[in-house]
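Shown below, as structure tokens, is a lone chain in the form predicted alone; questions about how it binds or moves come after it.
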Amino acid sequence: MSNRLPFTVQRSRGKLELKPSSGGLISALGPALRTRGGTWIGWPGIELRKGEELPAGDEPYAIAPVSLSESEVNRYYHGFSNGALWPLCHSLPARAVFDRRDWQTYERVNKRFAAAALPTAGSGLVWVHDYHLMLVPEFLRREAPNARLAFFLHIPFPPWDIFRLLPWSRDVLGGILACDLIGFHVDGYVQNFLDCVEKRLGARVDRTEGLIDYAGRVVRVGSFPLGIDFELFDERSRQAPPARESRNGERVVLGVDRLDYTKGIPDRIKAFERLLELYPSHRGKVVMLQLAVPSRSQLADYRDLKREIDELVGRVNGRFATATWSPIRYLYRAVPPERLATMYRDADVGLVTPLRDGMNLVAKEYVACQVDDPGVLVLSELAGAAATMREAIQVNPYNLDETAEAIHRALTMEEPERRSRIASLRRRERRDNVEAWVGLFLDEATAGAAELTPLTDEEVESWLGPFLKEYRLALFLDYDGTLTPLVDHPDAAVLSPPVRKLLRTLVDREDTEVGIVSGRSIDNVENMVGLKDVTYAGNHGLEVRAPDLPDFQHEDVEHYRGRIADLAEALDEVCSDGAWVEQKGHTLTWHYRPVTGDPMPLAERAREIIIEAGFQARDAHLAVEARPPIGWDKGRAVLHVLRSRHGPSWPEHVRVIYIGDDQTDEDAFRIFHGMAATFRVGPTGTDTAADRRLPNVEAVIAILRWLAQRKPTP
């Protein structure tokens, strides 16, 4: 699945005609589909009229077109994909435009692509490609939970400080993470992605193995550098006619790019201008041949870029041209593949200097075409290709002097060094060609399920060691689902002896204070834990009991004491099929875990009854909580304890850790955001304000064990 099909549909004299597309994706996946069979899903490049069908092509695989209207193309493709994601991913955030309507269209179009894949989602791998379709995997996963899904991003993935600018960053990450395997070109993009997942979603990541714990699944993430059809370019360059003699001994510095602001064409021209300033000996002897293939000409940024390039070429030629020599030859058009192979082969220097690029196949194509007297590749260190093409002269494209010096070095390099560099590059690109890339990715995508190792002391140390250094710890824990696994009945949630022993050890430390914050009544949670010298907050913080503080009960709860009993009686209406009411004094919980049929109609009616009675209805784990609407919650209760115990400047004296597992703990996560280390226990698919996610109670125990064993604070 990709934004475009392997061909573009054109309407000529009322008939639809297929024009083969070009590009790295087509050359990579076309042969794979022809060999393995399958379906290519994509946009045909035209809005089909009512009753129109695509003409039959000669592909030996199925085609599934996704129809888009002109307005959808403007907002999904030109708007969000290329107006927001493209500049952001290329680390040019000043060019990004974040428009809510573009985002909504992007969502709608991604759902349509997902729907097109549903008929075949259960029969094999669905391989989704590139930034246009980042939400497709999640939409597919919802409808086909057992489908095998993979995603590959062909552009860079930006660092956290840039990606966080995207207003819908959480949605985009969640969309991709519905896959079993996620691929990037180089390891740097993998690490950026892992950073963003960890910091935005709080998911646990294994950087060594490239694993992410998300939504109850372990997602593989890896780098798979894309190659080219090496033999095709090698053959074209050998069969291409000899260079014309009209060069008059001129040496050629070649740039080949799609016209895009990420390719750094203006900077490249300025660097060549600087070369002529620094080394006058190259004047009259060296020309820069810049081929710019038209792209996205309907967008203002691209029209402005063309105008800038035109003016720069005119300026440089105006400064240095003579009656018989012009320093820059600029071609604004596409050229046939055979002509391009000749240009590659005969260029003395391949100048590939994008400001940022996912991979850059031009660098590889240039190398594949060096079959005679070899040239030299000058490559931007900000291109993904730089990670493996180490024998190229690598430059910072923003540093004009450095680039000019690199061009001079390439032009004056002795033949033995040129041959040695190109030989190594060609050997690697021949081996790591496009076919090898497809095979490597598909082998990984069809491998067995991955598993994360249990949480280690080293991981916990990296999370909490610097945070707690030289500070007293205030540890607050929920009970059900945090200290004990969730069970069918609250009475069965018995604290295990090892966990009680860990809590006892923590309570006995002079640098640690422990609090249990629960939706249970305060007497019930204290009986379940069974430890003294612990702060207990019951009924979601409406009552607090601490060994060193006066007992606390919110002053407004008495107004609701009688009404809570009436509410319990009213809820008898929905206590059927196993549903039941747990009364807790100031609050109550309507449980529907035991219901055998569809509990949602009963749950909706329970919420209505609770609201009609004047209480807040809050969702919990397979339950609905009823609380007095008095603006008090677990977060405010913990804040009350900290202020009462340590004063209003408590953050200067104590570091807080809060661990909980459900929506009622989100109140605490929000209040303490930025002031505490917060953890939500359970599947990572749900939204949370917590800093990190923990998969289960065992991970909580691992944190408690590390806290109990850590070096005492002075």
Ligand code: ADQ
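Since the structure is predicted, the reported quantities are computational estimates derived from the model, not experimental observations. Numbering starts at 1 and follows the sequence shown.
What follows is about the form predicted in complex with this ligand, which we do not show.
Listed stretches are 359-367, 195-203, 592-600, 301-309; the contact stretch with this ligand in the model of the complex is 359-367, by a heavy atom cutoff of 4.5 Å. At the 4.5 Å threshold, heavy atoms of Phe552 stay clear of this ligand in the model of the complex, well away from it. For Arg431, no non-hydrogen atom is located within 4.5 Å of this ligand in the model of the complex, even though that partner is not displayed.
In the model of the complex, this ligand lies within 4.5 Å of some heavy atom of Arg333. Asp346 falls outside the set of residues with a heavy atom inside 4.5 Å of this ligand in the model of the complex.
Of the residues Val460, Ala215, Val499, Leu340, just one reaches this ligand in the model of the complex with a heavy atom at 4.5 Å or closer; this is Leu340.
Proximity to this ligand in the model of the complex, defined as a heavy atom within 4.5 Å, holds among Arg636, Arg545, His408, Arg258 only for Arg258. Highlighted residues Leu68, Lys111 and Val172: none comes within 4.5 Å of this ligand in the model of the complex, counting any heavy atom. Although this ligand is not shown here, in the model of the complex the stretch 267-295 places heavy atoms of Leu291, Ala292, Val293 within 4.5 Å of it, in sequence order.
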